[in-house]
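Just the one chain here, the form predicted alone, laid out as structure tokens.
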């Protein structure tokens, strides 16, 4: 089943989608966790503040692979959108740096006012990055708009689908944050996170309706994945409701499994409209090797991250 049929370029698409899903888990924890720590002042917020710098580092590291696959698959579209957005797109890196140091400031022993200012700055930086990536993704698909945008010198691409798509992912980020944070919580804390998880899905559902009214569609190649996505979301909702009633039950495992399935299906559905942008692979690329080295490097990288995670958790 596309894109997991093992054929080029589907192989690279599959690797892109899998690595993007992993990246999405970390950045969701960072953005939604920063917002939670800004608004709330409880045991969950304290644990989140301690983990945010590390999770941001994981998110940036995990984002390298999908970024490289994105450039490999959509060279003309990706680089053209970069150039059209110009300095606006280049501001993503300074925003990440500012957000990264703001998280460390929020983690330090500082006055509450300073901590909230740092968290507010970090949240604004990460929201700007999320908006920029959403806009870039849409601009890549709208080649007819490139010439007009270049001629006018505009740096902001104002398509009607950008904001509902951004809101859809922000809702999903809240749910992914709740899933990860729930594993470090117990009792009533899990009930609070279950409410956040359900609320995130409700926001995503409203955003999906808004996106559909703005002209968004599900590509024919992803209809099967769309049905699987709905089934995974139903199972996840049942798990959240179960968790509200019994926070120490098996429900969290159900939520985690169905949430992971929903994330994978959502990434495939998101990617399907860009299939038409892919160029046929060149013969020289088809004959090129290197997958074995990539696989070994991936295993070593995952093992190193797992070891660092374990070491920090023990500390």
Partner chain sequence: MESVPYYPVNEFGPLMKGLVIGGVGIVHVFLAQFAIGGGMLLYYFERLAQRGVPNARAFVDGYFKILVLVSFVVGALTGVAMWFTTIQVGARTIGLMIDEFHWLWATEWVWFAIEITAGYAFYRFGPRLDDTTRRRLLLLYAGASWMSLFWINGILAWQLTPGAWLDGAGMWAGFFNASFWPSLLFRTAVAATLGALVACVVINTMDLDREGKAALIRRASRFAAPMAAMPLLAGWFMYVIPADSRQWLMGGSMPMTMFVAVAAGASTLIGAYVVIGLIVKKLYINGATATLLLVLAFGATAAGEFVREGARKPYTVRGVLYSTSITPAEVARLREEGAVTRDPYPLRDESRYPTPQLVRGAKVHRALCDACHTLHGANALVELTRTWTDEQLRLNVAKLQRTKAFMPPFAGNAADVEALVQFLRWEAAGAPASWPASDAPGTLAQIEDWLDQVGTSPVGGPR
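This one's a predicted model, so the numbers in the text were calculated from it and none came from an experiment. Between two forms, the rigid core is defined as the largest C-alpha subset superposing within 1.5 Å. Residue numbers count along the first chain shown, from 1.
Same protein, other form: the form predicted together with the partner chain, not shown, and the subject of what follows.
### Query
Does the partner chain get within 4.5 angstroms of any non-hydrogen atom of residue 158 in the model of the complex?
No - in the model of the complex, heavy atoms of residue 158 and the partner chain never come within 4.5 Å of each other.
### Partner proximity in the model of the complex: residue 273 to the partner chain, non-hydrogen atom cutoff 4.5 Å
Heavy-atom contact with the partner chain at 4.5 Å: absent for residue 273.
### Message
Residue-level question: is residue 15 within 4.5 Å of the partner chain in the model of the complex, judged on heavy atoms?
### Response
Yes, residue 15 lies within 4.5 Å of the partner chain in the model of the complex.
### Task
Tell me, yes or no, whether residue 165 is in contact with the partner chain in the model of the complex, where a contact means a heavy atom of each within 4.5 Å.
Close contact is absent here: in the model of the complex, residue 165 is far from the partner chain, nothing within 4.5 Å, heavy atoms only.
### Task
Using heavy atoms only and a 4.5 Å cut-off, determine which of 263, 35, 251, 62 is in contact with the partner chain in the model of the complex.
When the partner chain is considered in the model of the complex, the option within 4.5 Å is 62.
### Task
Only one of 241, 230, 209, 97 comes within 4.5 Å of the partner chain in the model of the complex by heavy atoms, so just point that one out.
It is 97 that has a heavy atom within 4.5 Å of the partner.
### Query
Where, among 88-96, 174-182, 114-122, 201-209, do residues come within 4.5 Å of the partner chain in the model of the complex by heavy atom distance?
Looking at the partner contacts, the answer comes out as 88-96.
### Message
Suppose contact means any heavy atom within 4.5 Å; which members of 64-87 contact the partner chain in the model of the complex?
### Response
64, 65, 67, 68, 69, 71, 72, 75, 76, 78, 79, 80, 82, 83, 84, 86 sit within 4.5 Å of the partner.
### Query
Any chance the CA of residue 305 moves 2 angstroms or more between the shown form and the other one, core superposed?
After core superposition, the displacement of the residue 305 C-alpha between the shown form and the other one reaches the 2 Å mark, so yes.
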